[in-house]
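First comes one chain, alone, set out as structure tokens in the form predicted alone.
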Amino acid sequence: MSTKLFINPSALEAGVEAAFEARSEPSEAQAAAFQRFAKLRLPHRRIEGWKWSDFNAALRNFTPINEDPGAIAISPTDFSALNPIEFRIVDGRIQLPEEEMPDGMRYGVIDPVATITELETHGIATLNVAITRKALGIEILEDAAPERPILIRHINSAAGFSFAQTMMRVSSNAKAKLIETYEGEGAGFYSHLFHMVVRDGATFNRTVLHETGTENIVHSICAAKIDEAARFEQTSLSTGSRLSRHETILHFWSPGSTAKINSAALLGGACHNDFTTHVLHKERGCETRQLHKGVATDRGRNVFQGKFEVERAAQKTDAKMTANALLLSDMAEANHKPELEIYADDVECAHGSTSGALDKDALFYLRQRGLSEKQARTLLIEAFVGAVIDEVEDDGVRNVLRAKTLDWLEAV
């Protein structure tokens, strides 16, 4: 293909073009995706949905990660005590578990997804589709319910950029628990595209913990299609980084399904985190609950964008969204954008958003009962974020998230 797709390319654009041209046999779909990216380019603040998270400005000087960075030391995570089935994606390279495949589950390294129609106008998603060489594939078989959780560790150890994909199917009447961690002290950019389907009567529970180094840049998308009478639950906790954005795109394709999407951000220093969601209700009788809690101090920046879209056929939809932010310093920011787009007339949909400082009366009340100012602030913030963490059903996962919250509070 031509090497002149970009006019005045940034280092990242020149790098991804060189990386794409170095591939031996990219598919026609991937070539088309790269052509789309060349027109779209990286999202920037002049695009409405990206005005608070400018990836174009942040990524101008990024180049590819070395093809052979060598072995790196990887320590166990706090989730290791849960005896998970552990996968690792290190600087975009997939590492499978060194154990026998559990009953009711299949996995392997597969060809990446060639295109996702609803993401063809998404600059980072089209770049991921064009560049990713291999994907992690996971399937939970019909009626299976593995007791052990699945753990995917996204580890960014270097500078430069890397891309990865995961594709997952939770088959009919199956149950699956997934934990994803974003880790590493590298100063690189990592893009992950997670495409999945939750089939009829299945239950899928996903936990995301983002705690990378402060110079890391991360973008992730979880795009899920939910079938009839299925259940999707997700809880995310992020301490941010230089720039991080985690997107969740849910499509209710069949009636009678439910989703719960909760998130919390704990941001200090100059960390930036963006939780963006889009839930599309296409069929009747589905329910969505969404709760976001953001805490920012110093120059931390908390971004939340949530959209519920209800098509005309999706009568009897019940969808509620709430976003609350605590600002603990004059320089901290909270940017919220809740949206409803409704074309059905027999629905119950609502959204709400608040931001403010800690309640002075509550602080005074606790101080009067013998607590120090730091203890009082910690107790109030823990309770604020606890509204999200307490919703986690698994005791082990909930305890890890609670401990991470307390660790952050001790440090601020």
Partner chain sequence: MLNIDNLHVTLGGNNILRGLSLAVKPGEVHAIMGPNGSGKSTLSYTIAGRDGYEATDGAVTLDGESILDLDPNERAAKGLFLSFQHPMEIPGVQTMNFIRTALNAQRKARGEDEISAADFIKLIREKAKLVGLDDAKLKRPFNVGFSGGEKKRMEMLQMAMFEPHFAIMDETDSGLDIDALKMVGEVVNALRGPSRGFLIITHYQRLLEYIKPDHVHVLAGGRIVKSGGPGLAAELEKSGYEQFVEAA
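No experiment lies behind these values; they were computed from the predicted model shown. Positions refer to the first chain, counted from 1.
There is also a form predicted in complex with the partner chain; it is not shown, and the following applies to it.
Residue D359 is the only one of E48, E28, D346, D359 with a heavy atom lying within 4.5 Å of the partner chain in the model of the complex. For the options L59, A32, L380, L40, the one in contact with the partner chain in the model of the complex, meaning a heavy atom within 4.5 Å, is L380. Looking at 346 to 354, 48 to 56, 32 to 40, 360 to 368, the stretch with residues near the partner chain in the model of the complex, meaning non-hydrogen atoms within 4.5 angstroms, turns out to be 360 to 368.
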